[in-house]
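Next up: a single chain in structure tokens, the form predicted alone.
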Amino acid sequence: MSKKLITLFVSGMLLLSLGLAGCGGQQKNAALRVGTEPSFAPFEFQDEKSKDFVGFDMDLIRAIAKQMGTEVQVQSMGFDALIPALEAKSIDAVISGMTINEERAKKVKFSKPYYKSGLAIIVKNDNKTINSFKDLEGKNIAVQIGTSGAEEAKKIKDAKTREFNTPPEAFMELKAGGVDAVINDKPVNDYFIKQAGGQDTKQVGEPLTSEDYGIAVAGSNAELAAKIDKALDELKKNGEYDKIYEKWFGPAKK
């Protein structure tokens, strides 16, 4: 083989190897496709001006992805469509204020808990009869479909439950007088009351449950779950998690 042919052959192999290396790098660092239901402020919601997805969960998943050496592509969908989307592999992960429970854990694999929450009640300011979950017996209750709040509401004796796609819809129904109370996650309740200046609604009673939120991935994707856990641990060690937490909830209780 002539020197010219050898040179061309070597050059071709070098270009091919570089091309394959480039493809491999793109696959390794492919953007993390994340599903969320963006009406769960302050965890995830859409900024009215920029239309960007913002909130505690959004900041956290972007920080996790950065720690993993990749970026995030957020996909908006209904809460009850999130796990099916994981199972269909149309997304890689879910972060949407999702409570870790046994039923969901049969279908998906959860990260380590990243936030502790609990279910609480909101009523109108002039309501004097509802002060605890016991007082909800026989009442009309608004909840978000597919949530742990919806499941707990179904257990209340003689209560009539109305399910809505988003928390804002449930709160609007309460303000309109269509229901007696809303059951939802306490930090979400706190945020909506704060945004409204406490003029129309109030939170009553002690939280019913203590719940851990987790990031969900497909049940077969243990590798991704491990990477997310590692990144989350690193963010807690370097102080980035605390910065994100304080931005949305104030100083963390130690």
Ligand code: ARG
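If you're wondering where the values come from, they're calculated on a predicted model, not measured in any experiment. Numbering starts at 1 and runs along the sequence shown.
Note that the form predicted together with the ligand isn't included here; everything after this is about it.
Peer 1: Using 4.5 Å between non-hydrogen atoms, is Tyr213 touching the ligand in the predicted complex?
Peer 2: Yes, Tyr213 lies within 4.5 Å of the ligand in the predicted complex.
Peer 1: With a cut-off of 4.5 Å between heavy atoms, is Tyr114 one of the residues that contacts the ligand in the predicted complex?
Peer 2: Judged by the heavy-atom cut-off of 4.5 Å, Tyr114 is well away from the ligand in the predicted complex.
Peer 1: Although the ligand is absent from this view, report whether Phe133 comes within 4.5 Å of it in the predicted complex, heavy atoms only.
Peer 2: Phe133 lies outside the contact set for the ligand.
Peer 1: Would you check, heavy atoms only and a 4.5 Å threshold, whether Met98 touches the ligand in the predicted complex?
Peer 2: Yes, Met98 lies within 4.5 Å of the ligand in the predicted complex.
Peer 1: Just one of Lys139, Arg104, Arg162, Lys124 has a heavy atom within 4.5 angstroms of the ligand in the predicted complex, so which one?
Peer 2: None of the other options qualify; the answer is Arg104.
Peer 1: At 4.5 Å between heavy atoms, only one of the stretches 34 to 42, 221 to 229, 199 to 207, 66 to 74 reaches the ligand in the predicted complex; which one is it?
Peer 2: Among the candidates, contact is made by 34 to 42.
Peer 1: Going through 119 to 150, which residues have a heavy atom within 4.5 Å of the ligand in the predicted complex? Please give them in sequence order.
Peer 2: Heavy-atom contacts within 4.5 Å come from Gln144, Gly146, Thr147, Ser148.
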